[in-house]
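In structure tokens, the next block holds one chain alone, the form predicted alone.
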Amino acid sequence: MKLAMIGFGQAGGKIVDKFLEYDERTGSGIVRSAVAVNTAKADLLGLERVPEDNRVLIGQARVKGHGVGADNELGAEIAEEDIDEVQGAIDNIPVHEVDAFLIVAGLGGGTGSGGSPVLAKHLKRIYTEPVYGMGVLPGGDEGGIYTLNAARSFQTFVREVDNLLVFDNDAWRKSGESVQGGYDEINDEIVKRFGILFGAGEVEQGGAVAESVVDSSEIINTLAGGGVSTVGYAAEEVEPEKGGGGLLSRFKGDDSDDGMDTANTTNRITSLVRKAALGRLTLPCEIDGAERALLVLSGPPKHLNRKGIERGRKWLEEQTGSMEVRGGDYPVPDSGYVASVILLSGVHNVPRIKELQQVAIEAQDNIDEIRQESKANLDELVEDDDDELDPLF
């Protein structure tokens, strides 16, 4: 699936940068074009792979390149005011070559949480391609203002995009882990899961061909209908095959295998499907009631088994109660892993979302205090450094 990725805010820019690194390393070709938008000059300068021409600094007249100090409303206002500057970078995207737009943002900070829904609404008004969001929820230890931003932004973002893919930091941060180290690891997890998902169907000419093709239309159909999505992942390391036999021979499932090997292959793949669905999802939830699902098995072509994929798909139908469960394989010849990625779309029983909704309701009682905290953050940033902006911006 070819995507035009737009990172909005600090977290969004870093994740898009990481996707570009993944593309470079794997040759998956997911990111057709990448743009980073921010109110903080330092965050844009810190990116490594997003082209400089596609780094857009907004709000210069209001915040002088220092960010919005976690002020969600100011982030939205600046995005509205400077949407033409963002559009200027998007104009360079060869839209006829992309399957969809993906806006990536952390929903705790002011710039991403405020600006990403504004951009989504703008893109949907202009383009016919689907506009998806990837929202990263802040950890509970990051502070009340960040939780409130996420609660408010979530409601708006999910309404403005064709589907919102969610990653919950609270479910992934390890105790005792440094903030920076934790975020780096979380970003790796995000890219690993979504990289396999979006990479499905993007096999280069002369590359391995899937037995059960998963292309961009399958992903788009699974995300159709809107709502919230979560992704599960499980993998098993395998040794390179040397003249047949051994562990990997059980993954083949072709005519040369005997019945026992085929059964072992099918059972192992089914086990990976179960682990992906019932293990740690990007947004923890009960999978029962998911409206649609997509299963992608990735790995060396000889180690993918059509029977296993079909059994995994049927198991997902039983567990979710959905009749819209798609499945297929994504062959990666030089991979040392067989991996299962499951996209669950239109999930409903999500405790974290209920918690955010409750936070949003309670926050109305002390909204003035919260706004003062945001203003203090912004004033502190602006006072710290009033240097001239880099000529690049």
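Just count from 1 along the sequence shown to find any residue number. In this text the structure is predicted, and so the values were computed from the model without any measurement.
Missing here is the form predicted in complex with a small molecule; even so, the following discussion is about that form.
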Should Y233 be counted as a contact of the small molecule in the predicted bound form, where contact means heavy atoms within 4.5 Å?
no
So in the predicted bound form, does A11 come within 4.5 Å of the small molecule, heavy atom to heavy atom?
yes
Is G139 close to the small molecule in the predicted bound form, meaning a heavy atom pair under 4.5 Å apart or at it?
yes
Evaluate P117 for contact with the small molecule in the predicted bound form, applying a 4.5 angstroms cut-off between non-hydrogen atoms, and reply yes or no.
no
Under a 4.5 angstroms heavy atom criterion, identify the one residue in I186, I309, M134, V228 near the small molecule in the predicted bound form.
I186
Heavy atom within 4.5 Å of the small molecule in the predicted bound form - the one residue of F101, F194, Y146, F157 that qualifies:
Y146
Can you work out whether the small molecule is within 4.5 angstroms of a heavy atom in all three of D17, V56 and L164 in the predicted bound form?
no
With the small molecule left out here, work out from 46-54, 61-69, 320-328, 335-343 which stretch has heavy atoms within 4.5 Å of it in the predicted bound form.
61-69
